[in-house]
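First, one chain by itself: the form predicted alone, in structure tokens.
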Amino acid sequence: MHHNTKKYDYLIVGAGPFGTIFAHEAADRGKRSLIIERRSHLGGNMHTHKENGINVHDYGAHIFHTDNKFVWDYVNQFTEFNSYINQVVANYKGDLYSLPFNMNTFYQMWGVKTPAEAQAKIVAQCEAVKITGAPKNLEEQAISLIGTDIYEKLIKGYTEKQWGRKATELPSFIIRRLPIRFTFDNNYFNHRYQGVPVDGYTAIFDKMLDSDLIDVQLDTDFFDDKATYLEEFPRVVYTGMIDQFFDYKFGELEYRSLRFESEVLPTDNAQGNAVINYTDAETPYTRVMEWRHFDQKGDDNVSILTREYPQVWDRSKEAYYPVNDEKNSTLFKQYRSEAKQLDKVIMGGRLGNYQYYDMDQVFNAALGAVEKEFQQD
């Protein structure tokens, strides 16, 4: 069976943001692309659908946030963003706290009212633990940053559920993503630009792919005929798992997966916030999203809640989060070295680069790959 039936310049494996941006930019340069996508929809994990007038994020909450004006201006070509600011609530065994960690959190936890009081409390707790040297794992890193009370109630259980292993077995850098501020500011992100698209994320990809030079085949698995695809297409942009591309020849990289459970409720306000994190170890899910709070849209007296459950990954599940510990990072370097020897294949995206990317980072990486590919044009 032949696949390159229209003299395509590019085969793009995956209709997520990296592949879609590349196809769009290639079309602007007069290049023809075929996108094949294993799933039945566009947008990868950014896919959204509308239900009861509500934009539902099918793979967990996605808030676009960045300080990169170039990326922000680029994505705004394809959509209008609302002014949503992410303000997360943490539920620890029925007690509620503000996230990220800020003066509201410190007041709720300790009753302190000034930055100096909060800092003194954290310092005293850190000194009591007596961590020596650089933090060796996530637990030591978290305690050194925020003290033992907040670590035990708001970090430990959530993180161990998320990653499926003890905090003492996780690398310290994971916790550095969380902002800590000594102001009464509940904005989860420190970035200048943020929001969610008023028409959902899928509309972005529909607009990007609206070109006579781009064809899309959904429900199509690259690995069903990998050899023929590689033989027939002059250039291939691959955004799947890098270890799968090489038939796991060096071994299997580790990932964490997720599953989601949604329910429709006869109310327009079920939990009072867009995102509530459940930080105790006993609650099996990590967070609950109420979608209408992201853009205040929806039919009257209806709301949709989605619970997010971390789970062990295997090849039958979606790979969400790379486990970037020392063992997997060493293994990835072997695959990356192998990939660099390929003349016609461009590896990209979260899975192709085995990195946890925020959306703006994927957009920036895709635009960088486009610039590199077409720098001689």
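Throughout, we count residues from 1 along the sequence that is shown. For clarity, every value in this text was computed on a predicted model and none was experimentally measured.
Omitted from view is the form predicted in complex with flavin-adenine dinucleotide (FAD), to which the following refers.
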Exercise: residue 184 in contact with flavin-adenine dinucleotide (FAD) in the predicted bound form, heavy atom 4.5 Å: no
In the predicted bound form, residue 193 touching flavin-adenine dinucleotide (FAD) (heavy atom, 4.5 Å): no
Partner contact for residue 117 in the predicted bound form: flavin-adenine dinucleotide (FAD), 4.5 angstroms, heavy atom: no
is_contact(residue 15, flavin-adenine dinucleotide (FAD)) in the predicted bound form, heavy atom dist at most 4.5 Å: yes
Contact stretch among 108-116, 232-240, 172-180, 207-215 - heavy atom within 4.5 Å of flavin-adenine dinucleotide (FAD) in the predicted bound form: 232-240
Single option in 220, 98, 125, 286 placed near flavin-adenine dinucleotide (FAD) in the predicted bound form, where near means a heavy atom within 4.5 Å: 220
Sequence-ordered residues of 350-364 touching flavin-adenine dinucleotide (FAD) in the predicted bound form, heavy atom within 4.5 Å: 350, 351, 356, 357, 358, 359, 360, 362
